[in-house]
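Below sits a lone chain in structure tokens, taken as the form predicted on its own.
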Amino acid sequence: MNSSTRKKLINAEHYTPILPAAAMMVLFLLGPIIWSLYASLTDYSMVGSTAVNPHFVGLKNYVALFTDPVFPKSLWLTILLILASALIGQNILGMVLALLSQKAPRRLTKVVDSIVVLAWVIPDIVGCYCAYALFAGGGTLDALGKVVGADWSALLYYHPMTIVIIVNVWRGTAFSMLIYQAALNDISKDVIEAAEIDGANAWQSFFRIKLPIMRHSILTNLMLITLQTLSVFSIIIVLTGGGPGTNSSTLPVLAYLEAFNFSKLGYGTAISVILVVVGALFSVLYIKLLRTNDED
């Protein structure tokens, strides 16, 4: 057996264990993506003749999508949800809670951590209905409003996206908090003590020492919570159903409504493809930032 053959056998032995995982990814990840791309180019529907024999229509669904006034509104609502809920709400609140946990008494930290994590680990639908019971007309806030003479019965009607953002922050902050707690615990105490000896106050220590050290954890967390928020669906469906009108119809909700409420599977799939593209753009941006930091 020559060296070339031996090398090929060694390489084959290295790659053989990952073949089942690769096959599963192709079957359950790449397969649906390819089908979605194809379906978005057809007039596939849930009823009628096109449910059985869909026709290839090319880019017709995408042309209709980009000329539909609802689409830019849904795209903006999706970006608003990401900015307000993930990048600002979950990220900043998670960092604040992580910092406070370092200073607060241990017992108090355990209690706060348990409460925050509980909102994250309870089943999604349970958390959504808890939020609905709080904000809906006749719910907890409405009852409290009547006590103080305020009318809070129509919060979900007049402020749907605000409520969705608040609930998503409540549900997802624990993830950022745990990431940042781990990152802060990994910072050497000697570095912090050296900064304090040099005269750095708490703000200077945080912005000039801790944040630069944590930059990889921050960017990784931002990427993960961005992708999680991009796919938020059950919160909106339970609280507002995408309404009133389309005032809380983000891209996932719009895709669902078009595909299953209006039976336009091809059109709904085209929206989901755009959603995948948006997620890919955010991922590329964060990965590029991570590589830039590695080079620095």
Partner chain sequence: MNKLGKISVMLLAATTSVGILSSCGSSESDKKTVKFAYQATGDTSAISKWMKDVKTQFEAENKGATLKLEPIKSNGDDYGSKLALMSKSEKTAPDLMILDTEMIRPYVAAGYLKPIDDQLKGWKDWSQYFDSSKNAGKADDGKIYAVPLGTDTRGIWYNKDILKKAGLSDDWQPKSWDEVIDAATKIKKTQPDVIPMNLYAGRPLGEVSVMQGFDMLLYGTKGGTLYNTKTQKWVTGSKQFKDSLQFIKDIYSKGLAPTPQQALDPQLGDKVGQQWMPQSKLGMSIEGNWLASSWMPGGDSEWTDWQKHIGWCGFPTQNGQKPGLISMSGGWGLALSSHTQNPDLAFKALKVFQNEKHAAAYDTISGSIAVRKDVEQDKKYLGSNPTIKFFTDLAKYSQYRPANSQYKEVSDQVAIATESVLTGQKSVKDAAAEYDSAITKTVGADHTEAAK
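Numbering follows the first chain given and starts at 1. The structure presented is a predicted model; accordingly, all values stated were derived computationally and were not measured.
Although not depicted, the form predicted in complex with the partner chain is the subject of the following passage.
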- Message: Using a 4.5 Å heavy atom cut-off, which of 170 to 178, 87 to 95, 220 to 228, 157 to 165 contacts the partner chain in the predicted complex?
- Response: 157 to 165
- Item | Complete contact of V47, T67 and G245 with the partner chain in the predicted complex (any heavy atom, 4.5 Å) | yes
- Message: Only one of E193, D186, D151, D124 gets a heavy atom within 4.5 Å of the partner chain in the predicted complex. Which one?
- Response: D151
- Task: Answer with yes or no whether Y132 is in contact with the partner chain in the predicted complex, where contact means some heavy atom within 4.5 Å.
- Result: yes
- Going by a heavy atom distance of 4.5 Å, is F262 a contact of the partner chain in the predicted complex? yes
- With a 4.5 Å heavy atom cut-off, would you call L27 a contact of the partner chain in the predicted complex? no
- Query: Taking heavy atoms and a 4.5 Å cut-off, does Y256 contact the partner chain in the predicted complex?
  - Reply: yes
- Is any part of 50 to 64 within 4.5 angstroms of the partner chain in the predicted complex by a non-hydrogen atom, and which residues would that be? A51, V52, A64
